[in-house]
Ligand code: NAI
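In the form predicted alone, a lone chain appears below as structure tokens.
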Amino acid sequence: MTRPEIAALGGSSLVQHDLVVVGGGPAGYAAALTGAAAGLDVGLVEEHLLGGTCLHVGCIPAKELLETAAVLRTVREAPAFGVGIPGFDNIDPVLDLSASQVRKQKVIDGLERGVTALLAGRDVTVYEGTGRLGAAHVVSIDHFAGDPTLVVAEHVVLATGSSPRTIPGFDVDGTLVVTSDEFLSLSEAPQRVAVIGGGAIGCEFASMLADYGSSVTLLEAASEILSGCDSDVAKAVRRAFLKRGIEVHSGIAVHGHDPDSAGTTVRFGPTDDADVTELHVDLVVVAVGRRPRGDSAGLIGTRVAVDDRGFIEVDERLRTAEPGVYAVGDVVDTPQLAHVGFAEGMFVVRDMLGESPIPLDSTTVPWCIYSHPEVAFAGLTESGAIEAGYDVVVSSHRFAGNGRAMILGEIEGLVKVVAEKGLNGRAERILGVHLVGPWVTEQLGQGYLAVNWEATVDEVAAFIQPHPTLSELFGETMLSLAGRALHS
């Protein structure tokens, strides 16, 4: 739409912008900040809190509480490093989860203030309320009281996010059955917990609770936990969980639960409801993924389509069927990761400005899971590469032989690299890098760059890794693929 066309819609009754963004989570505020930095007049609509799920009931609070778990482990294991308290043979730390919740909220509040300041500093107009897109790029903003505000723009970005999925037979009551929204505000660690869902969220929660001292049972419908990860990585996490006392059941279905005065009994077993196992717990955590909120965007009188899963349909450039309207973040069928949302928000602004950016490739984005042990990867798994038609060469090395890992006392895990086999039989282009072990979420950078730069094994193997570091294992794996292994 041109400015004269916009002006003809409603005159002074419409607030006009160059760009209106519906949703203030990572994808939405990234689009707003990028647009404003490019000189656009930007309006941003947010119905709850700036920062969205990631900041308030997702990435940030989860990692804050996982850090509490890490501190607990460190204190418990301190005697092995010769650190103790005079008069005490063993250190038995006490968890005050309410104090951790206070610290968590301070981190969230500080980051929210930062986002607010960034938007204000770039003159983004922020509207509080629920935004719904209608015909002719008009967004109606319901402020929950009084008349709605109508805004219009040449370009609209829909970033309405997602909400936790639920499952039949487990109605969320906030007491016995919770999703991530409620779980991340618990003030006490439950004694016995069933975590339903063995994906990234479920594994992080199970790991956290085990460190808190809870008896944890992890229930997963797929044949293995972390089904999107390389199989060797998933098996390593499962082994580590079993060593820590986390009971894992995969390839099963949950059939419901029966509350009583002391908790509830979860029923699970084969999908045919035969041979059912009963498990009595104090809490059930439903962690089966997130549902896109495409249906919350209004869209009446537009050509924007929502599929049967709730995703807004877009092309590779994140454009909807309505000219000038884009969708980004959890509401589109791309990896539901905050950093992907950031990238998509920046991408669509560059696209609407005519810069012709390269479309994002969902298969090569970085993934990080903050369980203990941590998981990080980018690119194709071994099975995924084979299914895609590649002839592959694979090498993996375990942290058990890494000096820094031994110093830390964290030797669980491995580095695995998947490379394309050349005509001469040697490893060439790097297709995937997969890590599980200590601090691997901070080590993924060079693997991510290698995959996305389409680097070859020989090119990366030539680089020197500092010693002693955990990242040496990545270098050792590359040397092995190049036929020049040093320590193996």
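These figures come from a predicted structure and were not determined experimentally. In this text, residue numbers run from 1 along the sequence as written.
Keep in mind that the form predicted in complex with the named molecule is missing from the display, and what follows is about it.
Checklist entry - Thinking of V415, V436 and P438 as the candidate spot, does the named molecule come within 4.5 Å of a heavy atom on all of them in the model of the complex? => result The answer is no; none of V415, V436 and P438 reaches the named molecule.
Checklist entry - F241: heavy atom within 4.5 Å of the named molecule in the model of the complex? => result No, F241 is distant from the partner.
Item to check | is_contact(R429, the named molecule) in the model of the complex, heavy atom dist at most 4.5 Å | outcome: No - in the model of the complex, heavy atoms of R429 and the named molecule never come within 4.5 Å of each other.
Checklist entry - Do V288 and the named molecule come within 4.5 Å of each other in the model of the complex, heavy atoms counted? => result Judged by the heavy-atom cut-off of 4.5 Å, V288 is in contact with the named molecule in the model of the complex.
Next on the checklist: When the contact criterion is heavy atoms within 4.5 Å, does H56 count as touching the named molecule in the model of the complex?
Outcome noted: Outside the cut-off, so no.
Checklist entry - Which residue, G263, G269, G384, G199, has a heavy atom that falls within 4.5 Å of the named molecule in the model of the complex? => result Spelling it out, the residue with a heavy atom inside the cut-off is G199.
Next on the checklist: Give me the residue from L299, L337, M346, V394 that has a heavy atom within 4.5 Å of the named molecule in the model of the complex.
Outcome noted: Comparing distances to the named molecule in the model of the complex, the residue within 4.5 Å is L337.
Next on the checklist: Please identify, from 124 to 132, 75 to 83, 361 to 369, 316 to 324, the stretch that has a heavy atom within 4.5 Å of the named molecule in the model of the complex.
Outcome noted: Correct option: 361 to 369.
Checklist entry - So which residues in 218 to 256, when you check the named molecule in the model of the complex, have a heavy atom no farther than 4.5 Å from it? => result In sequence order, L219, E220, A221, A222, S227, V254 come within 4.5 Å of the partner.
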